[in-house]
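Next comes just one chain, in structure tokens: the form predicted on its own.
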């Protein structure tokens, strides 16, 4: 952009065409007070604190909305402007109930900071003392309207960054308030509890229930890390005091994967499940009792060595949760396949891996998981097809990307799912195939897109076209339970799109049907043939590190070990759950024919009743390890808090058992 020169407070400064006066002031170290301005949001000039005088303008103007021009002469600080700013502050304080001594944000409040800066020891105007409601229905957040200054940061963040547009202004004039949807309580609205509104609030009007009064930022240590919970891999900044998580924020809400969701921002602050903080060994009465970790490791090593010697290597099997880190999974694989020498290793989501891998292989041999695209591609899309997924629930940041693309790019959002979900607010078209007819619906839609005139240049497109030549679109749509007009409308949207993206999730993966995966890849190929580049498709995987576990070869390639314990004549089972909460119902056949079961887990659940030995695992916040995001990007976490002395990292315990077995 063209460089421009302005004169601010008598000094010449440089900026770029398109900047606002506030942008240039901030770039040149000229401090202007602001409350409604927030990096990355569109400015609205609501608070009027950044007002400046510009020669040839009749009155002071807000710097945040005034476009900078070459040759402007600007004054940012003089007696008149400072008096004006002090007046604005007095009006903000007297309009509502700002009682700093009782406020959750006291000491971390931008309004309070400005009051100190302008030495506001009194207000010249009468206080209104309105009796305004406090909304605490949401699981994590409270909105206290008494402390709101109507800056609109939360509303613009909800709209421009998160994309869901739950918040807006309601009422008129002095009754103006921030409301959710049609003035519903936040907990009953379309709010996805991402907490971005809480992070940008300049006062204590929106606050976190679990962070309130637990520590000011200056009392806490800040640790940057990555959230590994759902596989999106969002950047986080944790505030830690006395080895306790006080608050989790995004380092930059406008950055890639910087929005966060309730799983990454709030859930780590709550203790939902009972922790295992010591080793447990089943006694003679069949009850688990606490034992020193070293003793439990010795028992596990001796028993596994004995069973290996008696029944052979493959009498011992290993099952891992794909929530475990790459380091834990690597150590687990080395232990099961190396130390024990067993070929029976699998993940709890192994069935989904096998269906996905087979489906990709049918589509294109050796294409592999890398055939999928990055999550950020969603933001470029002009047409998005969501199939069997509810991203706003399962992967909220991915859901937010979809909502943003639909709202800001005017992307056409098509949903194929028999069940209703929160996307009804954003959807252009909703197709609801009959149960079990998803594959037919996808193939028929693909054929309809081909009939609309898809390019048939590539060998892959020709192969797909040939495989669908016998499908009649009208008959296929009727058999799938979808109106032919709706299906043709969806085909029209996909065929006209220059940048389409397909996202699928649990509703597809739960069928464990390779044919469905192939159909989705075929549709992505045909839809993408209209534009440039490879097919754009993303699967929302079941666990936070599913991609890491699958890439590492932990999931068995041909069979479910958990379902075939008896058939494989397994006598001992080692289950690595790490910080995944898994109960007995998710572990079928556990205990049948098994002589020895070891569970390594962070949480106590019904699954532990089947174990002979339970070993404690740290949670992700207690170790710094690597995870792979659902789109295949390796990211490292940092240790946020220390575990208790009796809890060792998963790889450390596995190596210790291995060492004992080799003695």
Partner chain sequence: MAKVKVATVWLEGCAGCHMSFLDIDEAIIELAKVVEFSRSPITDIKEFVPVDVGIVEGSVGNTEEEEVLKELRAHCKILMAWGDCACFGGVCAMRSSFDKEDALRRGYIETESTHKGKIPRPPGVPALLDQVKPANHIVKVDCYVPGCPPEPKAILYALNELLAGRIPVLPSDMMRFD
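Positions refer to the first chain, counted from 1. Small disclaimer: the values here were computed from a predicted structure and weren't measured.
Absent from the display: the form predicted in complex with its partner chain. The rest refers to it.
Would you point out which of 117 to 125, 461 to 469, 415 to 423, 68 to 76 contains residues with a non-hydrogen atom within 4.5 Å of its partner chain in the predicted bound form? Among the candidates, contact is made by 117 to 125.
Please tell me which of 102, 294, 183, 283 lies within 4.5 Å of its partner chain in the predicted bound form, judged by heavy atoms. That would be 102.
Taking its partner chain in the predicted bound form as the reference, which of 129, 171, 270, 213 has a non-hydrogen atom within 4.5 Å? Of 129, 171, 270, 213, the residue with a heavy atom within 4.5 Å of its partner chain in the predicted bound form is 129.
Wondering, does residue 106 line up within 4.5 Å of its partner chain in the predicted bound form on heavy atoms? Yes, residue 106 is a contact residue.
Examine residue 93 and determine whether its closest non-hydrogen atom to its partner chain in the predicted bound form is within 4.5 angstroms. Contact with its partner chain, yes.
Just checking whether residue 193 would be counted as a contact of its partner chain in the predicted bound form - the rule being heavy atoms within 4.5 angstroms. No, residue 193 stays farther than 4.5 Å from its partner chain in the predicted bound form.
Its partner chain contact at residue 235 in the predicted bound form, heavy atom, 4.5 Å: Residue-level check for residue 235: no, no contact with its partner chain.
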